[in-house]
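First, one chain by itself in structure tokens, the form predicted alone.
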Amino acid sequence: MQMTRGMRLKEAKSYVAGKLGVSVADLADPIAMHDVRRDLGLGRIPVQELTYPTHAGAMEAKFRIAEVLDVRINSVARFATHAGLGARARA
């Protein structure tokens, strides 16, 4: 958010926390964020858990992050273009 929207750090944290429906303090809580990432389909990084085969993988997680935070992610746009996904390329 700092780079894509020109926000200061405090403003960027507030924006992301608001979009995710958590407090700014929750952003630094790995347990809270694990649940948020799972519930919103944002994937859980750095490991791919085999116990959750229906949950978002890495690329799917990037698409969901772009959607939830309403931000353009270059790798998502390029993937969508190469895969012929049309409108998703603007995500």
Partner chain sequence: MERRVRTRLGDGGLVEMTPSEIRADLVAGSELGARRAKATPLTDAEIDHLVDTFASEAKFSAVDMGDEVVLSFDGSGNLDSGTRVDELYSYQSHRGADMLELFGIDYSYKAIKTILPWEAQWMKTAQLNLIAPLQYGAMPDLGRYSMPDGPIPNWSELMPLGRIDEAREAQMAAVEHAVADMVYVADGMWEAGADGLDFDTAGAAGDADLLAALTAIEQIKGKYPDCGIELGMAGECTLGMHGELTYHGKRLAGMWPKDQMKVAQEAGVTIFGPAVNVNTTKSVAWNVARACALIKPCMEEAEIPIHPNVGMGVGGVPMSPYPPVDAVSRVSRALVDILKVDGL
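All values reported here derive from a predicted model rather than from experimental measurement. Numbering follows the first chain given and starts at 1.
Below, we refer to the form predicted together with its partner chain, which is not included among the displayed structures.
Undergrad: With the partner left out here, if you bring back its partner chain in the predicted bound form, are Val16, Ile31 and Arg64 all within 4.5 Å of it by some heavy atom?
TA: The answer is no: none of the three residues contacts the partner (heavy atom, 4.5 Å cut-off).
Undergrad: Heavy atom to heavy atom, is Val22 within 4.5 Å of its partner chain in the predicted bound form?
TA: It does not: once its partner chain is placed as it appears in the predicted bound form, Val22 has no heavy atom within 4.5 Å of it.
Undergrad: Using a 4.5 angstroms cut-off on non-hydrogen atoms, would Ser75 count as touching its partner chain in the predicted bound form?
TA: Because a heavy atom of Ser75 falls inside 4.5 Å of its partner chain in the predicted bound form, the answer is yes.
Undergrad: With the cut-off set at 4.5 Å between non-hydrogen atoms, does Gly84 touch its partner chain in the predicted bound form?
TA: Contact check for Gly84: no, nothing within 4.5 Å of its partner chain in the predicted bound form.
Undergrad: Verify the contact flag for Leu40: yes if a non-hydrogen atom of it lies within 4.5 Å of a non-hydrogen atom of its partner chain in the predicted bound form, no if not.
TA: Contact check for Leu40: no, nothing within 4.5 Å of its partner chain in the predicted bound form.
Undergrad: In sequence order, which positions of 2-25 have a non-hydrogen atom within 4.5 Å of its partner chain in the predicted bound form?
TA: Those in contact are Gln2, Met3, Thr4, Arg5, Gly6, Met7, Arg8, Leu9, Lys13.
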